[in-house]
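Take a look at this single chain in structure tokens; it is the form predicted on its own.
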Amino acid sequence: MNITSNDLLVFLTLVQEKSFTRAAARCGLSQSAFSTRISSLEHALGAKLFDRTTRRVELTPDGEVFEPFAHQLHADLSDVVQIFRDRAARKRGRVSIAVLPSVAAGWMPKLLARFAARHPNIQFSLTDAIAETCVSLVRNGDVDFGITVGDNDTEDLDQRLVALDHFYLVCHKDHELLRKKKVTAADIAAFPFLQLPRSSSVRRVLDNAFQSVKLKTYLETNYMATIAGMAEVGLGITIVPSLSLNQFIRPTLGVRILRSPQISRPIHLIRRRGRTLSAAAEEFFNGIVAAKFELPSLVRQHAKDAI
């Protein structure tokens, strides 16, 4: 016989009531059914737990040894059951996500604030990282899901397009490129260029778009804020996605959409195929799917604010 939570409850109720009649009534059982449960428990343990008289029910020495274990086991199991009920009700739990830095700074605060207002006890872990790291974290199961440019190998990933992020030319407001009616790849290649490292998705998009010309890299740095500072004093020009344009809204910088070549990068919501998410993570994921129309709007707003 396997000892169940109900067996422990029957035992503890009899300890409290010291009467089969009262204990059976509390448990909603007939007295015979209650007695059978106690006998079965004693048989499973190989020990007599209670001494019965016509007036009183008392614990035996073995019963006294078993009582604290019964209390602890019943409490532990009750706690486990409550934890999972709370998780199902989104009263507790943890959601872990990996997100492109531009998305993390621009869109994610609104999404998190909205979800936290409904589920204040859910904990979040957010990793803002380059696209390759986001994909790797999702693929390895280190995070529940991610928002990134996606991956060409989709056999183990479910990818959902949420927006197209268009690219913009950024330079000093007095730069001659801003006065040209049409800016070409050759025009851009004529000036010192401020780059992100080759590991970034932005750099890979630009390298692919400018295969026909060689950009004159003046400086390579890890952060958009650094590039913005360098461009602000005229050390070079750069090209950035619209989701990063909020870092380039500065009085001395000018911005225009890039049309030749016209460049964009797809932003995907990704999760590992076949992986079951927790109730909290599933709700947050579905909330992002439902709100995906907000990201294109954010893309447009960033561009409008910068230009």
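Model, not experiment: these values are computed from the prediction. Heads up: residue numbers just count along the shown sequence, starting at 1.
Only in words, not in the display: the form predicted together with the DNA, which the text now covers.
(Q) Counting heavy atoms only and using a 4.5 Å cut-off, do Phe20, Leu29 and Ala33 all touch the DNA in the predicted bound form? (A) Every residue of the spot touches the DNA in the predicted bound form.
**Q.** Contact of Val57 with the DNA in the predicted bound form (heavy atom, 4.5 Å)
**A.** Contact with the DNA, yes.
Q) Using 4.5 Å between non-hydrogen atoms, is Arg271 touching the DNA in the predicted bound form? A) Arg271: no, not in contact with the DNA in the predicted bound form.
Q. Is Arg52 close to the DNA in the predicted bound form, meaning a heavy atom pair under 4.5 Å apart or at it?
A. Heavy-atom contact with the DNA at 4.5 Å: present for Arg52.
(Q) Is Arg256 part of the interface with the DNA in the predicted bound form - any heavy atom within 4.5 Å? (A) Judged by the heavy-atom cut-off of 4.5 Å, Arg256 is well away from the DNA in the predicted bound form.
Q. The DNA isn't shown here, but in the predicted bound form, which of 66-74, 260-268, 276-284, 35-43 has heavy atoms within 4.5 Å of it?
A. Of the options given, it is 35-43.
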